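Next up: just one chain, as structure tokens, the form predicted alone.
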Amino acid sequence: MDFSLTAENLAYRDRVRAIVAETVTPDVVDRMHTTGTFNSPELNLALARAGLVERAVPGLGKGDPIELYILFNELEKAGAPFDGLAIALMIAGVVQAVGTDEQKQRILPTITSGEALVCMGYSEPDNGSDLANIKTRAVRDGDEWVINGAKMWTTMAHEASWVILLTRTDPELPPRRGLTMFILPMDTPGITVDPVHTMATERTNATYYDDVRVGDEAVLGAVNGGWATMMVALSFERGVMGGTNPGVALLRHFADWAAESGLVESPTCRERLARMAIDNHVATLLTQRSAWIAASGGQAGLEGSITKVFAVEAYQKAARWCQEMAGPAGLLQFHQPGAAAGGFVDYDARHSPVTTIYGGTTEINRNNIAERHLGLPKAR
């Protein structure tokens, strides 16, 4: 494996860094945590106008997958609000992979311009990550489909222009074979969005679909082939598109605060900072391996699972360490006097548990590793 970047890759990285430095101001970061909307229209538009978004779209962009990795690695390390852009780019890759020519012409330009976001309607209130047993129904009515149901954890639904929606279209087929994926505008009549605020300061949403009518132009992939369409999305999400280096920003914030407060004089503090740096580097190398495999024409789903399990558990451990070392100051939030690292220690302690859910739960990823890498029998 050769993880070295080409001159073109390095130039791409430098342009991303320059735009992040210019647009991701303290006010933008504060707005992200105050509103719970982890998205920056200014950042998205600036990256798109420089051509850096289209280059990274999976299966479409000239820079995919290495520059896809570079983009989100830089955004994550900077602590930038990138969730909205990450979801949009991932779904743009799905449209590119399984969408019709008409869908590509209609949808992709809205995303690569940096203007449109996409939300994902997968999980449901009663099923969580058990997507094979979802209840949201899409029923054929003449030339249309009528969709009824509810989704949970629909992050960015309050900002998105599009929703990618997993539905059950044939209850007589086995659970995974009777699903169909749709992509439709969020302003379609019958869609309701209710906010759900999380302990990590992030706003997600509950979304409801009441007699939502769409035509066949909204079917993404094959009818009753929704599971395969969703697997395409997950293959992009795990290991390359962020979520593997959140500890970098935590380390930077905490190390700066420890130096200012004098805590860094503690041998225990210095040892833990070193261990955090080592874990961050390992997570980076694992992410680079996933990107390298994808760049070589392989499928990095297994490696992505390995990367994500290591990275999020290292992040949780680092957040716990930082809060322990900070003491009471580590329990104070943003804008509270005396908060450790300006409140980031508290934030990361609350945010790190959530990262075990993104891109498939840690339990699902462990099963993937056990079955496909270790050859163990299926857990269920």
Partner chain sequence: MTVELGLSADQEAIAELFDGFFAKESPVSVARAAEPLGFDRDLWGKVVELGAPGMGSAESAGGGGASLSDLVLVAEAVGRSIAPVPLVDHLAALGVLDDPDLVAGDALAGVAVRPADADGVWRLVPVGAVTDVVVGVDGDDLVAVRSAPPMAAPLNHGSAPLADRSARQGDRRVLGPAAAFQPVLDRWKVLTAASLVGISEAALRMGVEYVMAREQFGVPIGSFQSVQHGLADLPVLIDGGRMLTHKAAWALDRAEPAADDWRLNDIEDGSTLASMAFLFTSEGAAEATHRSLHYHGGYGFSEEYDIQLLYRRARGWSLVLGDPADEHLQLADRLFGPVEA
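As the structure is a prediction and not an experimental result, all values here were calculated from the model. Numbering follows the first chain given and starts at 1.
Beyond the structure shown, there is the form predicted in complex with its partner chain, which is absent from this document and is the topic of what follows.
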What I'd like checked is whether Leu251, Asp256 and Val282 together line its partner chain in the model of the complex, meaning each has a non-hydrogen atom within 4.5 Å of it.
yes
Would you mind picking the one in Asp194, Asp216, Asp141, Glu265 that has a heavy atom within 4.5 Å of its partner chain in the model of the complex?
Glu265
Heavy atom within 4.5 Å of its partner chain in the model of the complex, from candidates Ala295, Ala150, Leu108, Val98, belongs to Ala295
Interface stretch in the model of the complex with its partner chain - options 151-159, 131-139, 286-294, 177-185, non-hydrogen atom within 4.5 Å:
286-294
Can you tell me if Glu363 lies within 4.5 angstroms of its partner chain in the model of the complex, counting non-hydrogen atoms only?
yes
Ile66 near its partner chain in the model of the complex, any heavy atom under 4.5 Å?
yes
In the model of the complex, does Lys77 come within 4.5 Å of its partner chain, counting heavy atoms only?
yes
Within 4.5 Å, heavy atoms only: does Ala370 come near its partner chain in the model of the complex?
yes
Which residues from 8-23 come close to its partner chain in the model of the complex, meaning a heavy atom within 4.5 Å?
Asn9, Arg13, Arg17
